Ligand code: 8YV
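In the block that follows, a single chain appears as structure tokens, in the form predicted on its own.
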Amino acid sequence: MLVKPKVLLPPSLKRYRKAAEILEPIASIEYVRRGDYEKHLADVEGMVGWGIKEETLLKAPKLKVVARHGVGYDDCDVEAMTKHKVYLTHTPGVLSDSVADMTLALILACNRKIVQADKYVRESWAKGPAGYPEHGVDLKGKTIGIIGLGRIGFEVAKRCVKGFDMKLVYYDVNRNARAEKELGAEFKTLEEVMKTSDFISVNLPLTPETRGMITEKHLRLMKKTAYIINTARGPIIDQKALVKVLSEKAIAGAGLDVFEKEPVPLDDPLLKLQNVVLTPHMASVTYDAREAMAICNAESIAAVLRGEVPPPNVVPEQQGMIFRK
């Protein structure tokens, strides 16, 4: 009797039957909590995983492919995975809408003081004089600055320009001809984007080049009335510098879905600030996006198990590579 290759999936993926149906004909699926993965690595050939380092690979001699939920894979050692002939795939494209929606939610929450307003209704409205004291601004005609105009950045820009009639400036290592043509995007230096924008959205991958890229110097270029939104990766912004600038009210505020340390320590000074909206790295947490990611990962794993290599959605560093085990 032919033994199917073993694939490890987190229990949270049980709800996405379409993904399981892709794998069930060719693989034996085991749903295992992330913390228990190491007990099952000896004979596994494919898995959905995070934080893959060489020590994990040494315990999984049969492993052929790791599928990573989301676009970013900065927590995985791609060089070690390549050495061990293990493919790393991710899910570009399928979560752009959910992350862009979350970016807009943070822009609106910051600008219109939604968190403070909710607290005001619950605790103070009926006690004091009528009229909410906080003011936002109309988004129409304001400038949105996008740092990193890739798939997600483009969706953020499209929503801001077409939905709110905002002006668009951007910084990226590459020009985006489509955005310039369709959305009237103006290419600027990073410093110019920081200076001229009313709202700034960070949409970069975390790489050695982008880690700590936005420094205190850059933050102090911002208008005092401007907000910065980060749904990408926390370490792209110098968080200590951001706390300092926010504490001094040198900028209007920030909306952060990602942080230098996750989960955020309860003694982190960010938690004491009133001019920042914080969410728990949830930008892609919609049923639609998570189902699409689960299907994307299942297709990548299935392709490798069928010998179709390199698989779809393999990370750029491994594109064109043929691994056999």
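We number the residues from 1 along the sequence you see. Values in this document were obtained by computation on a predicted structure and should not be read as measured data.
Quick note: we don't show the form predicted together with the ligand, though the next part is all about it.
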property	result
Location of the ligand contact in the predicted complex, chosen stretch of 286-294, 39-47, 270-278, 55-63 [non-hydrogen atom, 4.5 Å]	286-294
Heavy atom of each of Arg68, Val71 and Arg233 within 4.5 Å of the ligand in the predicted complex	yes
Residue among Leu95, Val193, Ile237, Ile229 with a heavy atom within 4.5 Å of the ligand in the predicted complex	Leu95
